[in-house]
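There is one chain below, alone, in structure tokens, taken in the form predicted on its own.
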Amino acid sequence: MKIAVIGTGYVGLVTAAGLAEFGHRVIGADKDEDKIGRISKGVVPIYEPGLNELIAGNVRKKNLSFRSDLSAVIGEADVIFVCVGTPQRPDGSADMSQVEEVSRLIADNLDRYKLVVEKSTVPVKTSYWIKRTIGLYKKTDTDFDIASNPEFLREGSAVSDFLQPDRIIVGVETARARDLLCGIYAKFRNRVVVTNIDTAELIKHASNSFLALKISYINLIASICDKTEANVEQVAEGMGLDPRIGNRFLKAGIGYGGSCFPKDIKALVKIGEDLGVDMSLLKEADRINFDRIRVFVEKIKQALWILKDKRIAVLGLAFKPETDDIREAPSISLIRGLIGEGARLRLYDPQAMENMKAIYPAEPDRLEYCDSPYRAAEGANALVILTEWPEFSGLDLGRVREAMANPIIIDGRNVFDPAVPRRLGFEYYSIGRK
């Protein structure tokens, strides 16, 4: 089959490269000509382990190409995956204008049967509007099908998630659409779950919101642990051994961020409220997550008392390791809070500094970007860890201590065993542990 993937953002690039790796002929398409030009030359606009190599390998095999002429690409394709953005509006709802734009473009170029597959994260009932839009604007009496195939890609491991999926959700209306989509994923037939489209659309929001709820729950427990002698990591271990709960997403810290959890939990709240469903459970989980930054700033104040003019080394800007993504990253709010208190910041992240500079440009003697964690630690009154990059857990703490003005670590991700830095003379503060 010849497959078009419309949209070359995070989901689109991984999807296009992954489908090409499965042996299909794939065209990644985007109306941004400059972006397509860069990708075609091997300049991938996002950092994701293994993605550059996957794209380059399939371009060499001629399974994968990139083009900006969307009309021509749509005309050539048998199956069209829609991977455009659905950004969040102020009320939590998704802005579906890009999806409608692509739907109308498909209608304009519908000259034979095609299967249109939602891959972007969309509200339940979106398929109805895509189908209606194509039906209203198509120029010929041509059949088409709509399907939903939500993505479950974790930033930092998206390539392996796509190539070795734990499940593939296929939401369809017809046997023809089912057979086409199942054929695309033929090597994973035992992992395919076939549903109607509404169910498939809802699974993605329901999954991410549940995981966000788990994170907020363990952070709530961490706050209790901070007020007692309990250890949140041992609490999480004891909980996770119960097979009904499991141990994943029970890692206490400064809260979730990124392009999915904050957006998807708000979107599901809006979807539910529009349908007259009480969504207070998810609203409270989101409030708890938002409050983690205030709690963490208070922990920094507990260590330093006054933050004005204190030098603070901030290690980790991306919302999680193995990505350069800072969308909704806790670091953004924390930096804003520390600057508001008059602190002088020295920032380091292995991948995300260029993205952060677009929000917080370097400012002489107030905000500096450093080329290593050791440089960031020089003269610092405290060192703050916001992202659990493996590089940080492997730091030479003796060297860090020598560089700092005051040996104080406030660890927002529980990177270290508390005994290790304390043995080297650090004051060490973490989340939910003494």
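Nothing here was measured: the structure is a model prediction, and the numbers come from that model. Don't overthink the numbering: it's just position in the shown sequence, from 1.
In what follows, reference is made to the form predicted together with nicotinamide-adenine-dinucleotide (NAD), a form of this protein that is not presented.
Listed residues 335, 83, 268, 252 were compared with nicotinamide-adenine-dinucleotide (NAD) in the predicted bound form; 83 is the one with a heavy atom within 4.5 Å. Only one of the listed residues (222, 260, 197, 312) places a non-hydrogen atom within 4.5 angstroms of nicotinamide-adenine-dinucleotide (NAD) in the predicted bound form, and that residue is 260. Residue heavy atoms within 4.5 Å of nicotinamide-adenine-dinucleotide (NAD) in the predicted bound form occur in exactly one stretch of 354-362, 150-158, 238-246, 268-276, and that stretch is 150-158. Using a 4.5 angstroms threshold between heavy atoms, residue 69 stays clear of nicotinamide-adenine-dinucleotide (NAD) in the predicted bound form.
Using a 4.5 angstroms threshold between heavy atoms, residue 12 counts as touching nicotinamide-adenine-dinucleotide (NAD) in the predicted bound form. Residue contact check for residue 402: none of its heavy atoms lie within 4.5 Å of nicotinamide-adenine-dinucleotide (NAD) in the predicted bound form. None of the heavy atoms of residue 432 is located within 4.5 Å of nicotinamide-adenine-dinucleotide (NAD) in the predicted bound form. Along 89-110, residues 98, 101, 102 each place a heavy atom within 4.5 Å of nicotinamide-adenine-dinucleotide (NAD) in the predicted bound form.
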